[in-house]
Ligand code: F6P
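What follows is a single chain, given as structure tokens, in the form predicted alone.
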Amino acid sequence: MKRIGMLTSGGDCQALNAAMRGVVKTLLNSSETVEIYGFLDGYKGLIYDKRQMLTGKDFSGILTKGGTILGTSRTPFKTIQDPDENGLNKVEAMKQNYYKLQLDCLVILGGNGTHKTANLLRQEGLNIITLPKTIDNDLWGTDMTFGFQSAVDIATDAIDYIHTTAASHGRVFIVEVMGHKVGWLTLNAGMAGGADIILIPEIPYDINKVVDKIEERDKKGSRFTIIAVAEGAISKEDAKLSKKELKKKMEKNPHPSVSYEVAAAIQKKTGREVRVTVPGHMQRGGSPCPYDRVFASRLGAEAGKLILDGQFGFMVGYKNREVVRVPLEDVAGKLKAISPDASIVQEAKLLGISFGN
């Protein structure tokens, strides 16, 4: 008998259900008898013992379903060891609920913050296996995270749709893409959608260089310019500020996001009409694309095999087109950012794409 707990934590994304299905189908196709407990709404379910006992039927027909059948929530790692409003020790509560159910393993699907807490539970003696989900593709130890390719498809569609109206009106259009700390999603969607300028957090931009690119296109007869901006993009001036100084400045910023700030600066310097489009949480929603369905299923199957093999303390990752087992301690607390010297950045520049630097 194997008793398995599962939870999805942090922001939702496409293919969470596909990944869980992969784990469960692998276990049910073995000779083991399996009990599956789904903890509801992320770590909150494990803390407060909100759960459902699940069967194979619960995982039937969910391969193409977006979101997560277990629900999810954000439980910040920086407060995970603080007592809750009633004085409850959250870490001890999670451990007690794990042992109360006599679980053999806890399968956790999540991103950076989720992996920090997962590694803490591993250090506390629990058997943990994790799966890498995030549309940001910023988890260390894996070349790809599920949800990323589906989000790229949606963000690319947004840029594609903007092209026709931008060309018709001869305007500068900004499409703001998700990505608070890293620019993988913006870079890939920008390249796929034919953006002329891509602004990402890893490469602080100079607004004058952005304007130079727009004016260069004007001189060549291009009526419009498409700019893909990551929500965490930052100017060279702001990049020099301390966290405290930047926070203080942002509190006084009249613009709702960096895209509107960039738009206002371009309009002031050029007199050109600038429009901003923000696809927002659409990028996390809908059905997973075929790539993510296959990818998440593969990772889920490997997680199931790890459980059957009695191998714990790993994230199931993806390296050089192969599914791999990555020690959790090597993943937690590390961010996979884009190097300004990365080959994909240099290739984008060869295509004439400006990064505003």
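Only a predicted model underlies this, so the values are computations on that prediction, with no experimental measurement involved. Numbers for residues come from their place in the sequence shown, where the first is 1.
The following text describes the form predicted together with the named molecule, which does not appear among the structures shown.
Taking the partner from the other structure, the named molecule in the predicted complex has a heavy atom within 4.5 Å of a heavy atom of Glu231.
Although the partner is absent from this view, Ala118 stays clear of the named molecule in the predicted complex, with no non-hydrogen atom inside 4.5 angstroms. The named molecule in the predicted complex comes within 4.5 Å of no heavy atom belonging to Val210.
In the predicted complex, none of the heavy atoms of Gly110 sits within 4.5 Å of a heavy atom of the named molecule.
Of the candidate stretches 254-262, 177-185, 199-207, 234-242, only 177-185 contains residues with a heavy atom within 4.5 Å of the named molecule in the predicted complex.
Proximity to the named molecule in the predicted complex, defined as a heavy atom within 4.5 Å, holds among Arg217, Arg122, Arg284, Lys90 only for Arg284. Residue-level contacts in the predicted complex: of Val172, Ile159, Ile129, Ile135, one residue has a heavy atom within 4.5 Å of the named molecule, and it is Ile135. Of all the residues from 1-23, the single one having a non-hydrogen atom no more than 4.5 Å from the named molecule in the predicted complex is Gly11.
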